[in-house]
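In what follows, one protein chain appears twice in different forms, each by itself as structure tokens: structure 1 and structure 2.
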Structure 1
Amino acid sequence: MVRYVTSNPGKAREAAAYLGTDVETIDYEYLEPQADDLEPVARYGARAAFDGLSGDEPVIVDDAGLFIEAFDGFPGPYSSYVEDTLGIELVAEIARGATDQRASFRAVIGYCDGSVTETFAGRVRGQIVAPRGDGGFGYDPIFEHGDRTFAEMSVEEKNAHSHRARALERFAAWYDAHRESD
């Protein structure tokens, strides 16, 4: 059993598919540090959640962001704040005014079991476009991978390509090996 600190049950279902074990969704608030990189945020979050929750089951958290090449990776770890402050339409408009619309979604899974704290990163490349599609959430309507935005893909299709899926793949391989060595 792994506890996933998220309020999104879809993330837990996705993690369970990669891990081949039960994944419990835990809604737990902790003070998230600000950093210019996702890795220390996820590492801190995993440790804080493990320490703050009762029990000895391992926990995972994730941190993710949109990294726009023309802006040296901004908004990156500040993606949620920028989305809430400016909105995705304005972010797309500003990015499309730059000479380079390349971007990537990045995710880092943080894991803690009390004695081990690890992180696992995933990235998917694409470009910023005018908003399209009705699915997904956040920046999905302005992030095009291949010939469609994440918002134009089904949940299953997006999960097969997503930054979180790539981080979960890396985590699942490590987790399987870690469980076997115990």
Structure 2
Amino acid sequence: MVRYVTSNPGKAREAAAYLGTDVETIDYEYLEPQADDLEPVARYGARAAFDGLSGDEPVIVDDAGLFIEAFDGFPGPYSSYVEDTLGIELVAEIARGATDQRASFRAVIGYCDGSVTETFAGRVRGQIVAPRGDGGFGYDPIFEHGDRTFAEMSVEEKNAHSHRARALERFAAWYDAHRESD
């Protein structure tokens, strides 16, 4: 059993739907350093969550963000702060004023079992649009992939395309091989 550690119920819902009974989701806030890249944040977070929680079961954390092409990837690792301060409507309005609306979501899964720490990245491309849909969470209403925003998709539909599902897929393949070699 792997523990998926997050304070975000939207992420927990998607991970549980993707990984099924192999995962237990735990609501726990671990120390997250600020960095220009997601990978070191996920790596550090996995270790911090493993050390902060009692128990020997491996943990995974998930650091994600929205990277807008016209803004050279901003807000990227600062997505949480920007969502809380500007809000997604204003992000969409500013991005739609630029000539290029392309963006991508990225997620990095950090894994730690006390002795091994690994990271797994996933990415999905799309474009910034005016908010549509009431599903999902965070920036989902302003991120269009194909002809729908992520907020217009069910959890299963979003998992068929998302950055998180791609990172979880890479993690799950590695973890199966890692367990077999133990």
Ligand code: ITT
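Small disclaimer: the values here were computed from a predicted structure and weren't measured. Residue numbering: sequential along structure 1, first residue numbered 1. Definition used throughout: the rigid core is the maximal C-alpha set that superposes within 1.5 Å between two forms.
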Does structure 1 or structure 2 depict the form predicted in complex with this ligand? 2
Would you tell me if residue 11 moves between structures 1 and 2 by 2 Å or more at its C-alpha, with the rigid core held superposed? yes
Shift in angstrom of the residue 22 C-alpha between structures 1 and 2, rigid core held fixed, comes out at 2.7
